[in-house]
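In the form predicted alone, a lone chain appears below as structure tokens.
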Amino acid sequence: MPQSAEKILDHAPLFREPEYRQMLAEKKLHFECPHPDQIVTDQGEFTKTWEYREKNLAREALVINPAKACQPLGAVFAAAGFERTMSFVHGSQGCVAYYRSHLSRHFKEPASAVSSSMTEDAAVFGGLKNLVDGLANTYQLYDPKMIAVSTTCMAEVIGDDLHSFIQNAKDENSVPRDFDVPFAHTPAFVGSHIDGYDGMLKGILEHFWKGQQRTETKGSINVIPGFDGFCVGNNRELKRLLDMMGVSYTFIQDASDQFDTPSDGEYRMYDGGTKIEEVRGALDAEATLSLQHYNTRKTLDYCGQVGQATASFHYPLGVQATDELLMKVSAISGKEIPEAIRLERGRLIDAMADSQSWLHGKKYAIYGDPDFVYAMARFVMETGGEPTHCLATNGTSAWEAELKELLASSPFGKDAQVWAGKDLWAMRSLLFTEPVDLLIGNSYGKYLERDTGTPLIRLTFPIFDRHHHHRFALMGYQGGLRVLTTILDKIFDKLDRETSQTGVTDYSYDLTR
């Protein structure tokens, strides 16, 4: 084999070596029982047709590569946004390993979470003992200020009751009776990560607010960011804008520092996050604003029940969406939007105008969470682009209707199609039958890019095969400028590839002196 201590090859070149090529070819021949190449080729071509598209979009009993994750992942992410909080997943150990690795691979940071490690005996007799012992170990080993408990499929199928289990654990002195252990039931077989985020956030607020007396502080605002793989850049950008306005606010569930710890010789299991006392005090806010409506429906309902005014947005990205957020903040807080922010707005508009000739008429396919898809479609239309396919596996009929209303409001959205509940295999059919110029989504779109030739722009969670995108904002005027630049870079990269022959295809003279 070519691998040796003196010559260490990465996996990519390693598997192109002759020995590995032969090994893989023999494996395919003797163990995979493949169909003849011609049959495979013919079937592949059939899947690119309109006939197959209709069959594909009619699927109901099978999901292939959904653009979503399961509820407990959202709950683990939600818990990471609070001060010294350890996420405790009541279920099998393999499940929590998935949530941790998914977050770690995206943020390139450790993602701490523990498990009750339920196995076959717990599936038969219930997981009470696992949770009692697990909470005791978590409290003693990891010194948290709060333990946030969520569930997996196994715990939900057998019907474990977290409220009673946690009370039993406190009765057995696993944790002190006054120790904060909020919880949320997050069955992984329904909903998605945004529902798990919503359930856990509501569980945490309810834990601290239920039964407490509310004394409203006029002009004060709670801001909930929602499940956001770009929270590091977005949260910091939004706090910068709010600070410039002089607003009194509490950022509820702020994971920006937790997933961007410095390398300075000190390991931080916990870093940043909304302080527990701030969560308690957030009950008195005049209003709670959610930056992602479909991430926080239950949470906002609860905030309304305790007497707060509520408002929600769809991932404030671009000019109009940022305008709406800042004007709402100004109306509630009584603070004026300063001239410095107005200038940032003008600079984004100027940049969009500068690049209009390259952006106008470009067709896009967009997929991801409902709020993100809504925001990207809106921004694309602001640039003169056409959001031809808008797909959210976890989109609802309400989201579909709302997005269709947005698209109908612009001539650039008149031919757009909205696909709620569809997966990335459905997107493949759409790209082959109605091609577009650019695909916007996450890392899982790279196979669509290879298969259909549609250039992929990675702008939402998860992004595994590129590094550090999450450190830069997408929201606000500055974030819009970054998204604009990212789109333009992809357009120009494609142009360079297509015009690489001087005097044959390259006549632009863009580098003349």
Partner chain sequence: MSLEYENDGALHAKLIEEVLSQYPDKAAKRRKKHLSIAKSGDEAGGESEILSECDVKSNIKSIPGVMTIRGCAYAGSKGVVWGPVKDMVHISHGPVGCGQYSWSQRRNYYVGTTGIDTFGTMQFTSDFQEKDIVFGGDKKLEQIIDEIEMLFPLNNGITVQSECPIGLIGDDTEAVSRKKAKEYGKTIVPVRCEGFRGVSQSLGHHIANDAIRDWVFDKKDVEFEAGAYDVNVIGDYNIGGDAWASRILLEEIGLRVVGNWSGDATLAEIERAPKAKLNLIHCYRSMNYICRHMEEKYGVAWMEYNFFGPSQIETSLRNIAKHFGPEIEEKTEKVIAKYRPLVDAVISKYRPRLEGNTVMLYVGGLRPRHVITAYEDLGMVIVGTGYEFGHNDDYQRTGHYVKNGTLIYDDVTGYELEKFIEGVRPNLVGSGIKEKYPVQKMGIPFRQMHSWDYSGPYHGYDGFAIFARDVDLAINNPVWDLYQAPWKERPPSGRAIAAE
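These numbers come from a predicted model, not from an experiment. Positions refer to the first chain, counted from 1. By rigid core we mean the largest C-alpha set that fits within 1.5 Å across both forms.
One more form of this protein, predicted in complex with its partner chain, exists but is not displayed; see below.
Per the 4.5 Å heavy atom criterion, its partner chain in the predicted bound form is contacted by stretch 139-147, the sole one of 285-293, 139-147, 353-361, 208-216. Though the partner is left out of this view, Leu511 does not reach within 4.5 Å of its partner chain in the predicted bound form, counting heavy atoms only. Within 4.5 Å of some heavy atom of its partner chain in the predicted bound form lies at least one heavy atom of Lys68. Interface residue remark: Gln320 is not counted as part of the site for its partner chain in the predicted bound form, having no heavy atom within 4.5 Å. The closest non-hydrogen atom of Thr186 lies beyond 4.5 Å of its partner chain in the predicted bound form. Proximity to its partner chain in the predicted bound form, taken as a non-hydrogen atom within 4.5 angstroms, holds for one residue of Asp243, Glu336, Asp178, Glu120, which is Glu120. With the partner omitted from this view, the residue of Ser220, Thr310, Thr274, Ser112 that lies near its partner chain in the predicted bound form is Ser112 [heavy atom within 4.5 Å]. Looking at its partner chain in the predicted bound form, residues His30, Gln43 and Ile64 each place a heavy atom within 4.5 Å of it. Of the residues in 145-162, those that come within 4.5 Å of its partner chain in the predicted bound form through at least one heavy atom are, in sequence order, Cys153, Met154, Val157, Ile158. In the core-superposed comparison between the shown form and the other one, the C-alpha atom of Trp50 has shifted by less than 2 angstroms. The Cα shift for Ser500 between the shown form and the other one, taken after rigid core superposition, is smaller than 2 angstroms.
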